[in-house]
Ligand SMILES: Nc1ncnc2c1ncn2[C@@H]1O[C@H](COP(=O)(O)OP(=O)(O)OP(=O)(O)O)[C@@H](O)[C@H]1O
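Only one chain is given next, in structure tokens, and it is the form predicted alone.
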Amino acid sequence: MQKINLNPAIPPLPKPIDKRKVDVRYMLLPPYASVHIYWHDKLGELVYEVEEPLLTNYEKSALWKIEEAMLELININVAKDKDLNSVLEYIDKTARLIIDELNLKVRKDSYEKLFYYLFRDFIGYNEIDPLLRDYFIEDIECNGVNTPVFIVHRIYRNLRTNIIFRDMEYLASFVEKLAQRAGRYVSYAQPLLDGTLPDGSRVNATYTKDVSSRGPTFTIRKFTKIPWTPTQLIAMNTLSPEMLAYFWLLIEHKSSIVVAGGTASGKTTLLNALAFFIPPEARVVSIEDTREINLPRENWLPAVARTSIGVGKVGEVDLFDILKSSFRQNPDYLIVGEVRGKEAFVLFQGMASGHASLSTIHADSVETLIRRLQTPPINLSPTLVNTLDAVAVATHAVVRGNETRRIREITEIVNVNLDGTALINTPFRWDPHTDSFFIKFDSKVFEKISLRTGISVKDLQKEMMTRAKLLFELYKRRVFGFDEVGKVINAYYKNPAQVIYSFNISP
């Protein structure tokens, strides 16, 4: 039986100082598929080339015959439900049976190559399967036939690939496959697909040429099984240790935080990182349209909205319904993946009644955020908007020629007046000229916490700086792992003095 390694080591990729000097290769599906990222002189840009086994004309013909026969024999649903070794064995036995029956002359080395393509096409996602296996890819974008598939890479950002769908019918059938894997249905009558693949990745697609002129299209936002940790965000200079320590204190004292920003600005990434700071004994309920939140804890109830089947909204369970029922589940902390409609009213009512809440929203500034909350379809009263404590604004940034993400500012909502104007305070701000973060030791939320708890503002500031030193020390020692960072933060809640001592930090 053939071996395919679905968990290759994640290579350390250096941040490019000069993109023209980038020339890296790493494995995606060892030993068969790899990627070559390099500067293409003719195109004048970095390109992402998937490298797969080359087939001779005879091997291509044999593969086509085997796949045609397999379509009649193989039960993909049975294969998908089994563990990896059983799936590989199932495909192996079926393929060998077909080769014997069709009397195909396939040498051992040829069979190994054919086996890879059979696995890729029947269990994986055809041409884009290696892309979905790449840890560094965030988005996969197909804009139709006869145009390259593009990807968004964590290190090298927007790259064109060497994958091009040439046939309209083949691309349409691939969109059908995506719909089937997402448990959805697409047709000429319902040509739009919005769903979630089994691994949690979000897929959006169009099915016909009537909707998009280049034919069927799809965009896949990959689900990160292991989210970025707070120390990794420090390493990427997304925000400073002091900003994270500030959020840590706010979360501990049950303040409500919203992360605002544009599409793919890093809102959910920050939300996941902030969730590390929720006390270990707290009960957390998360609510999302598409599963993107992943928390390092056991006492966590993840809920996902369900879209309707067909017309008439049959079987639909939206964010509003789940959010209403979630308050009966006694959460200490409520996380809502994204606020965009009537569910905001329930969320802010929950904030007003003392439930600590974390959420994201599409807005490029605090002013835009406050306007969005007070206008249709959300329509919150200024009194409810006042229950929000702090807003982090995430943004795309170009630093020394490289695209990246930064937390542009952290702003506290001091008071929202009846006319919709707001009094705000901004204790943290990013300076794009120097790519550094500035702190102002004046926090209105600390004053609120002080009134509730009796802890002086001065002591809260001192504690913030101690936690900032701890986070920076973790970064310096390269403690980046999901479990390792979670353990240190949980240990700090139980015995802060011991953790400070073990990391040799002066309080």
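The structure presented is a predicted model; accordingly, all values stated were derived computationally and were not measured. Superpose the two forms; the largest set of C-alphas matching within 1.5 Å is the rigid core. In case it trips you up, residue 1 is the first one in the sequence shown, and so on.
What follows is about the form predicted in complex with this ligand, which we do not show.
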- If contact means any heavy atom within 4.5 Å, which of 420-428, 328-336, 372-380, 265-273 contacts this ligand in the predicted bound form? 265-273
- At 4.5 angstroms, heavy atoms only, are D83, S86 and L118 all close to this ligand in the predicted bound form? no
- At the 4.5 Å heavy atom threshold, is T94 in contact with this ligand in the predicted bound form? no
- Item | Any non-hydrogen atom of L233 within 4.5 angstroms of this ligand in the predicted bound form | yes
- Taking heavy atoms only, is E138 within 4.5 angstroms of this ligand in the predicted bound form? yes
- Item | W228: touches this ligand in the predicted bound form, heavy atom cutoff 4.5 angstroms | yes
- Listed residue (T238, T217, S357, T161) with a non-hydrogen atom within 4.5 angstroms of this ligand in the predicted bound form: T238
- Note on the structure: Interface check vs this ligand in the predicted bound form: of R221, K113, R184, H153, the one with a heavy atom inside 4.5 Å is R221
- Which of the residues spanning 394-425 lie within 4.5 Å of this ligand in the predicted bound form, based on heavy atoms? T404, R405
- Message: Could you check, with the core superposed, whether the Cα atom of F437 shifts 2 Å or more between this form and the one not shown?
- Response: no
- Align on the rigid core first; then say whether the Cα of F136 has moved by at least 2 Å between this form and the one not shown. yes
